[in-house]
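First comes one chain, alone, set out as structure tokens in the form predicted on its own.
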């Protein structure tokens, strides 16, 4: 029993210990890594991916896989920029409506994604992958392959305005992390997500509408994908079909490395936060010490394999639903 508790404790704290070790390692190699300026740079780069990773976390908790985030981010980013410019192009006008409209559109996208998965009984990874292509196609149709520039100073203030050395966007993201944590730990929705991930048949037998829970989980994920899209646009000032590129790899990698189990019922929002920081610390640290870009993806891939191997009892776990 003691050994089991020891293993569980180690697995729980391993991602955070890895994060600390990485910070120490890169600081030893280059002391400028450990500075407020570089910390702000890491946090800013992590912010859009963090929102997407939180959305992924809600899906993984249910024991499902969502591969639609790139399409969701692209289409909501383009939709936001289009509506924003049509309503005046500044937050000082009615263009602010584009912000909640984009989040609502992301939630609807996620809801349709979840409905496709449960109604047609298609495996979640396949349904979401196909729906992600739909989102990318819609973004391409709306832009015609062009870029939409968002240059409003008030909106870009998320990037340019700083408090305590960190951009406003970082503080806003932290607020959404707290909201996600509250949903996970203090609401019926959060408890139901864990119930489905911990044993769908048992949850169904106890009277829980597991299909409805799955659709709600995908809807919630879609809303956070949209938040990631908004922050990506605020960061670079551009919305395009490629806005969602690479979010699939980064978000799933971050969640798994942070300790969210692929088979459901284990992990949560703070695991996603730690995982995103690990990924971005590695990316930033490799740049700071001058290692080539191609090594970054290799290191992250190895970390995912290692994280899954260390956290999985392969005798007991059936594969992802």
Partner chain sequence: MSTFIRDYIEAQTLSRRKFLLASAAGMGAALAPMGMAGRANAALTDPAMAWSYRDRTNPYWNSIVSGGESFASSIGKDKGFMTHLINEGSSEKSLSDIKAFLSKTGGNCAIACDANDSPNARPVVEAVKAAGGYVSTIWNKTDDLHPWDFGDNYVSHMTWSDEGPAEQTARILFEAMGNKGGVVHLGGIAANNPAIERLNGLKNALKDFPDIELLDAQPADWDTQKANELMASFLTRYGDEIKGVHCANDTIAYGVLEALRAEGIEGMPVVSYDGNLQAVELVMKGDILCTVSTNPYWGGGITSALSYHAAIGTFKPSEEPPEHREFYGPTVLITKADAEEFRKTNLDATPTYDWTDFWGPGNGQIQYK
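Numbering follows the first chain given and starts at 1. All values reported here derive from a predicted model rather than from experimental measurement.
Beyond the structure shown, there is the form predicted in complex with the partner chain, which is absent from this document and is the topic of what follows.
- Which one, 285 to 293, 53 to 61, 269 to 277, 252 to 260, holds residues whose non-hydrogen atoms are within 4.5 Å of the partner chain in the predicted bound form? It is 285 to 293 that comes within 4.5 Å of the partner.
- Message: Contact with the partner chain in the predicted bound form for residue 67, defined as at least one heavy atom pair within 4.5 Å: yes or no?
- Response: No.
- prompt: Wondering, does residue 159 line up within 4.5 Å of the partner chain in the predicted bound form on heavy atoms?
  reply: Because a heavy atom of residue 159 falls inside 4.5 Å of the partner chain in the predicted bound form, the answer is yes.
| task | Answer with yes or no whether residue 44 is in contact with the partner chain in the predicted bound form, where contact means some heavy atom within 4.5 Å. | result | So residue 44 counts as contacting the partner chain.
How about residue 38: is it within 4.5 Å of the partner chain in the predicted bound form, going by heavy atoms? It does: once the partner chain is placed as it appears in the predicted bound form, residue 38 has a heavy atom within 4.5 Å of it.
Give, in sequence order, every residue of 132 to 158 that has a heavy atom within 4.5 Å of the partner chain in the predicted bound form, or say none if there are no such residues. Heavy-atom contacts to the partner chain in the predicted bound form: 140, 144, 145, 146, 147, 149, 153, 156.
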